[in-house]
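Heads up, what comes next is one protein chain in two forms, each shown on its own as structure tokens, labelled structure 1 and structure 2.
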Structure 1
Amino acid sequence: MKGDIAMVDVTRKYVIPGELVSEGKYKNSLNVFRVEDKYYSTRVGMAEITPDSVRVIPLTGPYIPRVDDLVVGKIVDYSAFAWEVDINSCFYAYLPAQNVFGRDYSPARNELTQKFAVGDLIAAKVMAFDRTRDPLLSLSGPGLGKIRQGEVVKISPTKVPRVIGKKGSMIRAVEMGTNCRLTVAQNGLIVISGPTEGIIKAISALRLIEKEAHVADLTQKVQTLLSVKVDEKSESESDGEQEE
């Protein structure tokens, strides 16, 4: 794994809601609110300040759906017009039958259990959500639909950015070191597909990431655990910032 971006200068500190995180002008921000040129935390967590961004990575918290999020959910019920899906949130999601069967869907003609039954796992995208109604899901997109194989691991949704890493660096390291494929959903569910020994190693790596998400040299620890070697520049970048 080769890095082609300069090392990122990062300042980190623990913060609580309402605490001043930084002053200045930033292009990107997350879990902060701005008053003039001052940025205050909205969560308890680890603040990360770079030359062009300021954000707070929450230490804990539930999954709150956002439009276009990838989620892994379990079918828990269904009606004549939709499936009810547990997406590891305080909100249950709904997958409209019309989104699966098409616009000519008819309850008299189509049985929902022909597609998904209670207990099935699906990968889906959040199509709509505004907190005034439960989120709606869509299966329109590559890789979406029923999950037919793999081991599902649940982590805190707030640790998902750390699992992904800067430009996907952390997840690539895990996949390289385990010969597995990981599907990381924003709601904290991760599907691991591959050989049994690789799945076991991947789960160990994910538990380490979840436990030590706040540690600066986490990438190096994961690489050591999985015997994966990357150059120094990539390692510094992946510990410097994670993508949402």
Structure 2
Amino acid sequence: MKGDIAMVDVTRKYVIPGELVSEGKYKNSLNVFRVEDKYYSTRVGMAEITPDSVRVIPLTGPYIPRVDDLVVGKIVDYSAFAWEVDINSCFYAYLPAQNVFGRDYSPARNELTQKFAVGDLIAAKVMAFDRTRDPLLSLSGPGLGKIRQGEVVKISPTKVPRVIGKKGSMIRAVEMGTNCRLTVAQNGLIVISGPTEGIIKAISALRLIEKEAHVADLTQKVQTLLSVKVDEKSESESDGEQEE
């Protein structure tokens, strides 16, 4: 994101729905509602105002799928052609059988339950979604497929960027401090695998991040909790959207 360039002038403030964030002309906006030149927040969160953009980073809200998101979901049903997956969103997602069995999938030959049963957890990518149809999932990609072990923790989907941290710094701190591996899905589900004590520590770290997502020196706090030190000093108070 180009907002990261050090010299850009950013004003930040805490806002709630209906609150005036800024007045003026902006090229880009996010989670705001415009009346003439006035921009009002539509969410509870942190407003960031730069000379050409006004946006609110929400602290609470549902998961709305986006193409290419990594999600963790639960198989809840299946038909002859697809599995239905609960991805912690307002819509159930579909995983087409063709995506798993290949192009020559035939309901006469292949049995869906051989691969995934109702109640199984999977890691998947969102292949298509445009709000007029239910999201489609895909398992093509490294690390995708059935989740066989680990503890699954649910956090607010809006706090996922904070859990990942700037360029993955937060995840690294938690992984280093707990000897666990974390798979953080955009829909707010996190799979933790590793030793039991590590899992317990990781859960407490995640709860801290969730509770204090608006606090500036959060990575510091997490490092103290887990008694680890990540040497990058480039810790910013911003929690802009990070890619994994």
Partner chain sequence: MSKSSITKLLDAKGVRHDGRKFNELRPVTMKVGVLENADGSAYIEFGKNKIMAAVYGPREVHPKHMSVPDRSVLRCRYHMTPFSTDTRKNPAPSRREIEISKVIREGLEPALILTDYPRTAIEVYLEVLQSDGGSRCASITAASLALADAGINMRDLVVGCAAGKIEGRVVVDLDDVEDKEGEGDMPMAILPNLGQVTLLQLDGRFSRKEFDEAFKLAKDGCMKVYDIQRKALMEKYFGAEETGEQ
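Structure 1's sequence is the ruler for residue numbers, which start at 1. Here the rigid core means the biggest group of C-alpha atoms that line up within 1.5 Å when the two forms are laid on top of each other. This structure is a prediction, so every number in the text was calculated from the model and none was measured.
Between the two renderings of this chain, the form predicted alone is found in structure 1; structure 2 comes from elsewhere. Once the larger rigid part is held fixed by C-alpha superposition between structure 1 and structure 2, the smaller part shows a rotation of 30 degrees. Once the two forms are overlaid on the core, residue 42 shows a Cα shift of 4.5 Å between structure 1 and structure 2. Superposing the two forms on their core, we find that the Cα atom of residue 52 is displaced by 9.3 Å between structure 1 and structure 2.
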